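For this one, two forms of the same chain are given in structure tokens, first as structure 1 and then as structure 2.
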Structure 1
């Protein structure tokens, strides 16, 4: 929201006077001003839940500390987000979370970075308060191919279940059971394939601790996400143009690199707002599939396709196409380009057709 449209008043945050627009929360104002307030259960795509209490701040005249994510800014509010009281609260809270969460990074962080451990480090929260026995149940029999739920590292922030409900709109997963046994589950603890789940993987994307993880890299025992190189690119499936991060293990394939998972950029600065679908997030195995073509092929006198060198294949192709022109004229050739390929490649195909082979018979499967 742009404060220039619908200016609703001013708050004072850490001594700075800041304008806000109607409907903005304390967290919205802080974000825009570059003031860092830690959050775990917050996601800009979701309705504020105020569940994790990591973002509590002090407001002058308020007896209790309100959550910045769920408290609307009001004119004249004086807010303190860094103080000994706030710091003490954060440390205690994080330490309490860690009595129900592994504190050993090796053990807890198998895939995505564990933001709870990061935060405990950042705020120097004690990690030695002991560990309660785990009472959350998982779904070990869930045979879906992509989404793994690790009950051990879940902190019940419910970002996953709220995303499933509010953004993807399928309500496949939900908070189940009560008290210390509360867990993330499905109707009758069914496997995700037997629910309304469409395998978009949004639950993995929003999870702050990696409790919702991607199965394929876990099963392959790929390197944790921290050690991978992220390459921002554009999805190659439909016409939405989602931005995604190809997570590459640069050492794999003898240094040629391997795409081991796909993650989505943070919400806000992309057309897809950080969302991906089942194809964009999970359908990347084709990149390194054994069926990929690896050598040029030329059909021999017996009618069989044989492996050839690039020089042979290029010469054969050029003379073959030229032969058609010689016998039937330039318009005896047709060029089929591809809407799956890049702008540059389409440009080159039409230039090849028009400049080199002198025909306008060039098109692609653009029927819309």
Structure 2
């Protein structure tokens, strides 16, 4: 939100006077000003929950420290986000989280980075507070092919359940049980394939610790995400043009590289706001499939397919189309485009049909 539009007042944050717009939270103001307030449960696509308590700050005149993510900015507020009191709170809180959380990165980061361990290192949280036995239950019998839940690294921030509810509107997963036994579950602990889950993988995307992870890289024992190279690309399964990040292991396939998995760009940075469907997130194996065509094929005089250059293939296609026109006239041709193409590509197909071959026999599969 632009504070210049609907300006509601000013707050003082770490000695800086900052404007804010109506409805903005302390965290919104801080982010815009470049002030780092840590959080584990917040996602800009979700309603603030104040669940993780890592973003607590001091406000002059307030008896208790409020969560920055869920506290609306008010005119005249004097806010302190860095102080001995705030630092003690962060260290204590993070140490409590670590009592039943893996502290060894190799054990906890089989897939995505563990933001809790990052934060514990950043704020020098003590790691010698002892251990508690884990009492959260997992779903080891869930046979869905894509999403794995690791109860060991879950911190119950509820980002996954809130995303499933607020963004997808599916409500396939929920917080179940009480107290130390609270876990991420489904109705009657069913596998995701037996629920309303659409396997979009949004729960994986929002999880801050990797408790929600992708199964395929884990089964293959691929490198963790920190060791992969991210390459921004466009999903090719429809014409929406969702942006995604290909996570590539550059050393795989004898140095030719291999796509290990797909992740989402940060929320607010692309047109799809970091959201992907099941195909966009999980259907990437075709890239390296042994049956994939990697060079054009043209039939020879005997009708057998032979490898050709792109120029030879395009010339053969043009010759074939023109041959139909010569034998049967312009309306002997018909062009059918695909919803997997972009709007610009579909425009070019109809232009090729109408302007080059002078026929209105052109259609697009999404129009039916």
Partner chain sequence: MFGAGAMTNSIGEIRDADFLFVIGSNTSEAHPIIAMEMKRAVRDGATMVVADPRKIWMTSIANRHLQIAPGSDVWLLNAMAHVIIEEGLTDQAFIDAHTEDFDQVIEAVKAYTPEAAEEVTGVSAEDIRWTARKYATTEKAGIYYTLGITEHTHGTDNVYALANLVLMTGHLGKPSSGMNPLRGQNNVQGANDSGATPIFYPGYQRVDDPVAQAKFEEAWGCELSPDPGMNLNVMMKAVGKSIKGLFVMGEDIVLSEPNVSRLEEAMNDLEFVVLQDAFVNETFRYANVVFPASVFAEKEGVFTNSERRVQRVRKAVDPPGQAREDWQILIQLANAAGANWTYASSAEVYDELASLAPQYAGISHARLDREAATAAARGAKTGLQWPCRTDTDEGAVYLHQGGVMRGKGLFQPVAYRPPVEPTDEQYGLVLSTGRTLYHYNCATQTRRESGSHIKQPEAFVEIHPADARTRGISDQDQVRVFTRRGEIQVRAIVSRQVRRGSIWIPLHFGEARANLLTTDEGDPITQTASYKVCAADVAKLDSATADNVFPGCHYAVDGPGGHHG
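Fair warning: this is a prediction, and the values are worked out from it, not measured in the lab. Residue numbers count along the first chain shown, from 1. Think of the rigid core as the biggest set of C-alphas that the two forms share within 1.5 Å after superposition.
Of the two copies shown, the first one, structure 1, is the form predicted together with the partner chain. Panel note: of 271, 310, 343, 292, the residue at the hinge between moving rigid parts between the two structures is 292; all others are over 12 positions away.
Between-form comparison between the two structures treats the chain as two rigid units and finds the smaller unit turned 24° relative to the larger, from C-alpha superpositions. Here the two forms are laid over each other by their core, and the C-alpha of residue 314 is off by 9.4 Å between the two structures. Taking the core as the reference frame, the CA atom of residue 304 shifts 3.7 angstrom between the two structures.
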